[in-house]
Structures are given as C-alpha cells and as structure tokens.
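Here you get one chain, nothing else, as structure tokens; it is the form predicted on its own.
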C-alpha cells in the first residue's frame, strides 16, 4: 500500500520551491526570458474564469455525471481498476471513503463546460487549429481523486507542455529537470515512497516542489519529469499544448518516434 505522511511532506519541503507568478503577460511568459523554461505556479488567472464561481461537485455531476469512467484503486499494489459513473465516484470523493482512488476523463470536451474557461494566450494550442475531424489526440482532462491519490513519475506525451488548474483541493508537485533523467529510472521509482534499495541512484535526485491550492495553475515545461499527489480530495482541469514555446521539442520527439506524417502536420500548423 502506498501511503503519504507529514514527515515525508516536511522532508520534501527542504527542497527548492517552484516560483510563483501573478497573471503574467504573454511577453513575460515567453521562452525568451526564461519563465517558460521552468515549472511555475500561476495565480490570479483562474479567478477570471467562469468556472471559478461555477464548478463544484454538483455542477460537474449535473453536466456530465451520467458518463462512465475508469477509476484506479491505488491502495492496491499494483493498482486495480474499476468502472463506475462519474456521479458515483463524486460521492466517494466527497465522502472521502476508505480507499486511495484516482481517475481522469475528458467528457467535458463534449459539453457546455468548455465555455467556462478561456486560457491565456501563452497556453494556446496550435493543434486546435486543425479541423475537428483531424484532431485525433485528446489533450484535455479532468483529474479527480481522494486524499493521497497520485500520478506516477512521467514526462508529458510527445514533448508537449501542460497547465493544471485546481478547482477543489490541494496538490503537491515534484518536478525533476531533464538533466536528472539518469537517476529517475525511467519513471519506475515512486518519489512519494522511494525504494532506495531497488533504485539507489534516486537518492541523488533533487526535485523542485510546489504546493498548489484551489484557483492556482501549475505549468509543466516540455521535458520535465514530474509526479503529483492530492493532499486533499478534489479535482482539477488540465491541458497539454503545442505552440512556439515547445514546438522544437515536440518536433524532435516526433522525429525520434519516426512519426513523419505527424511532423509534416506539425510544420503545417506553424503556417496557419
């Protein structure tokens, strides 16, 4: 069983904290001045969105609660999965019943919920320029979980960057820069309960740490390893994106994968 303790939290807080910025302009955020190169906590942006005053468990349940979702029971090792409706899972998360459960889903994309937020220019995604019929990737999710539920250590898909905004709850993020890849065991190690006998080099890893509360956004740059734990029950909205900030990195990842058609499509997006 994976469990999280205040002692572990205290230990990680000894590491360097992620920088917090308030409502940066597109120019302030641009890669040219370095802001976009590191993880950030961004405040005073979500409060401008309709979702800040609208989204709660009831609002979400009324909008998309009948949809089925898959939930990971992380109290088991390895995790097991079960299928349920979103409304049923919302009841479990609200009551904080026994279990460490986490789920992500994208049912909001086909509902009026997408009208409740308008992301900043620096998070705009070139992929959305494609006709709907050509958009094969899903790049937006709602993550919902109980206390101590978590995501494993990973790098975001295709070299994309991401933003995550908490609606309800509190999260702890651990970020590891690309140059620490050699001690991260390709994400096999669990930073929240590391097995140093099995992964001894992980003792050399030095994360950036971020505590994220409701109405705060956390930005993950392309290529940064990271994992997240819910310190409180809740849910968050997140999206991956491709634009000028990470275009070259995404292109490099696609070339390495041999995805020539995707590379051609990406290069065409620049001209749109």
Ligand SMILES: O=C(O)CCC(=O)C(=O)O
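Residue numbers count along the first chain shown, from 1. Worth saying up front: this structure is predicted, and the values here are computed from it rather than measured.
Keep in mind that the form predicted together with the ligand is missing from the display, and what follows is about it.
Engineer: Looking at 218, 242, 228, 60 here, can you tell me which has any non-hydrogen atom within 4.5 angstroms of the ligand in the model of the complex?
Structural biologist: In short, 228.
Engineer: Report the residue, out of 148, 105, 173, 202, that has at least one non-hydrogen atom within 4.5 angstroms of the ligand in the model of the complex.
Structural biologist: Filtering the options by heavy-atom distance leaves 173.
Engineer: Give a yes or no for residue 116: in the model of the complex, does one of its heavy atoms lie within 4.5 Å of a heavy atom belonging to the ligand?
Structural biologist: No - in the model of the complex, heavy atoms of residue 116 and the ligand never come within 4.5 Å of each other.
Engineer: With heavy atoms only and a cut-off of 4.5 Å, decide whether residue 123 touches the ligand in the model of the complex.
Structural biologist: Residue 123: no contact with the ligand in the model of the complex.
Engineer: Residue 158: heavy atom within 4.5 Å of the ligand in the model of the complex?
Structural biologist: Output for residue 158 is no: heavy atoms all beyond 4.5 Å of the ligand.
Engineer: Please tell me whether any heavy atom belonging to residue 92 falls inside 4.5 Å of a heavy atom of the ligand, as the geometry stands in the model of the complex.
Structural biologist: Residue-level check for residue 92: no, no contact with the ligand.
Engineer: For the three residues 143, 154 and 164, verify that every one has a non-hydrogen atom within 4.5 Å of the ligand in the model of the complex; reply yes or no.
Structural biologist: Yes, all three are in contact.
Engineer: With the partner removed from view, which of 220-228, 52-60, 37-45, 65-73 is the stretch that lies within 4.5 Å of the ligand in the model of the complex, judged by heavy atom distances?
Structural biologist: Of the options given, it is 220-228.
Engineer: Taking the ligand as it sits in the model of the complex, which residues of 237-261 have a non-hydrogen atom within 4.5 Å of it? Please list them.
Structural biologist: Just 238.
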